[in-house]
Every structure is written in structure tokens, then in C-alpha cells.
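In C-alpha cells, the next block holds one chain alone, the form predicted on its own.
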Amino acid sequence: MTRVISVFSGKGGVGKTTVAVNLGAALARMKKNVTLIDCNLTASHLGLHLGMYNPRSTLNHVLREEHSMEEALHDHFTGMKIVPASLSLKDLHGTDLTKLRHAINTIMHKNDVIMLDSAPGIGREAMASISASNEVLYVTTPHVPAVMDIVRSHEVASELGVEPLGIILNMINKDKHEMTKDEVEHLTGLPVIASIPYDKNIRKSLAMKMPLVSYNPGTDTSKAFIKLASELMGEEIIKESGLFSILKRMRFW
């Protein structure tokens, strides 16, 4: 059965899209059929993370019934497929977010996992992606305001009947002012299923327009994403040879 997972944050700036991109790439390493969809129509960043500046078809076109979801699928060298959102403000006109679930249903048979990169907060776009999913991953940094936003977001997701997979604590620096895993779990009532270290290589991977797990799979942060993907699927970690990783990057270039 295809899993539809919303990657969700209560506020912007916590690295939600970075988590979605790297988790998607890590799942593709496991030979899973993965599609990553940018559901943040008003501030679409997913395509920018992957060097897609002028895609031929976007989620906006799908929601305006100009293109099918199949036409909006773009292959990525990591093995995952991407449905970007448009960067143009004019493409917001006529988009109907109530059609998101139906659009997703048309590609369910081709995927093991469909990940929705949600808009932050609990606005209209965010609620559309939550409503279209059956599971949710919460992304936050280890700071009180960001964690409190997860509490509010979880209340809304619970009312919609979406199953929480847990919290991803992102950009961990192990500073004294950061909340601990136990403190976050106590405050939210949700399990912390991954702690992702802060890594300056993330900025380098963004500049290279590729996920960190592909750009530098040997870092602790990459390993944390790969471990999370393995645990979500209940499968052992697949180790790529260094040569295979290099060949994939050469193919990208």
C-alpha cells in the first residue's frame, strides 16, 4: 500500500524542505519508488533545492486541470520523481487545492511513498497537504517557539485523523540553550524519531542543487537521514559503494 506522508512544520526556517529532499533521496537509495510533491504554492522552494527553475509542468498546472499529474512528474538523478510548484505568482490564479487528493490518487499505483512538502503553519495550503496525506512527519528545531508550533499543528492534524509518525529534530548543535529530546517529547507528547545534526555541508549541497545524501553521504547528517529512511520503511540500511555514488553524481552533471 502506498504511503502518503506530509512533511510538516509549524513555522518556516526549520529546514523542512531540506529534510523532505534528503529523506526522499535516502528512500530512493533503498530502491523505493518515491515521488516528492511541492505543496507550498505561495513560497515554492522544492524545485530550487534541486535546480529546477523553469519546469515544463507544475502542481499549479495540475490543480488548474491544465496538465495531468503524470505530466507534472520530473525524473531526478537520485531515482526519485519530483512534482514542483510554479515560481510564478500568476500561476497561483485558478489553483484549486481541494483537487490535491484526487491528483495524488492518480499516481498512487506507481509509488511506494509519496511525500508532500507542506507549507509551514496551519493555513489553507498546509491544511490541504495534511488532508491529502495519511501520515505526518513533524520537523522542528530544538527551540521553544518552533516546538510549541508543533503542538498546535498536531492538534489540527489529529482532528483530521492523520497518523503522526513523530518529530524530526533538525539542525542540532548541542548548545546549552537547545531543548533536549526528552524535553521535546514531554512538551509535545510525541516521539522524537530522529535528531539531525547541523551540518555546514547542507549549504554546499544547496549550492550544488543536490541532496546532501548524494553530495556527501559520509557525513553524520547524511547518515542520520539514511537511518531515518530505513527505520520508516522497517528495512536495513543499503550501503552504496563509493564508486556508485560518484557515478551517480557524474550522471547528474
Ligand SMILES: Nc1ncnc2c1ncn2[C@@H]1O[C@H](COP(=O)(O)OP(=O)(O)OP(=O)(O)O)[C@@H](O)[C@H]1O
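In this text the structure is predicted, and so the values were computed from the model without any measurement. In this text, residue numbers run from 1 along the sequence as written.
The form predicted together with the named molecule is left out here; the points below concern that form.
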Self-check item: Heavy atom of His49 within 4.5 Å of the named molecule in the predicted bound form
Solution: yes
Quiz prompt | Touches the named molecule in the predicted bound form: Ser222 (any heavy atom, 4.5 Å) | solution = no
Quiz item: Is there a non-hydrogen atom of Glu185 within 4.5 angstroms of a non-hydrogen atom of the named molecule in the predicted bound form?
Solution: no
Quiz item: Closest heavy atom of Lys31 to the named molecule in the predicted bound form, within 4.5 Å or not?
Solution: no
Quiz item: Looking at Ile193, Leu41, Leu206, Leu190, which is the one with a non-hydrogen atom within 4.5 Å of the named molecule in the predicted bound form?
Solution: Leu206
Quiz item: Within 4.5 Å of the named molecule in the predicted bound form, heavy atoms considered, which of Thr78, Ser153, Thr95, Asn170?
Solution: Asn170
Quiz item: Heavy atoms within 4.5 Å of the named molecule in the predicted bound form: which of the stretches 67 to 75, 170 to 178, 142 to 150, 80 to 88 has them?
Solution: 170 to 178
Quiz item: Using a 4.5 Å cut-off on heavy atoms, which residues of 185 to 216 contact the named molecule in the predicted bound form?
Solution: Ile196, Pro197, Tyr198, Asp199, Ile202, Arg203, Leu206
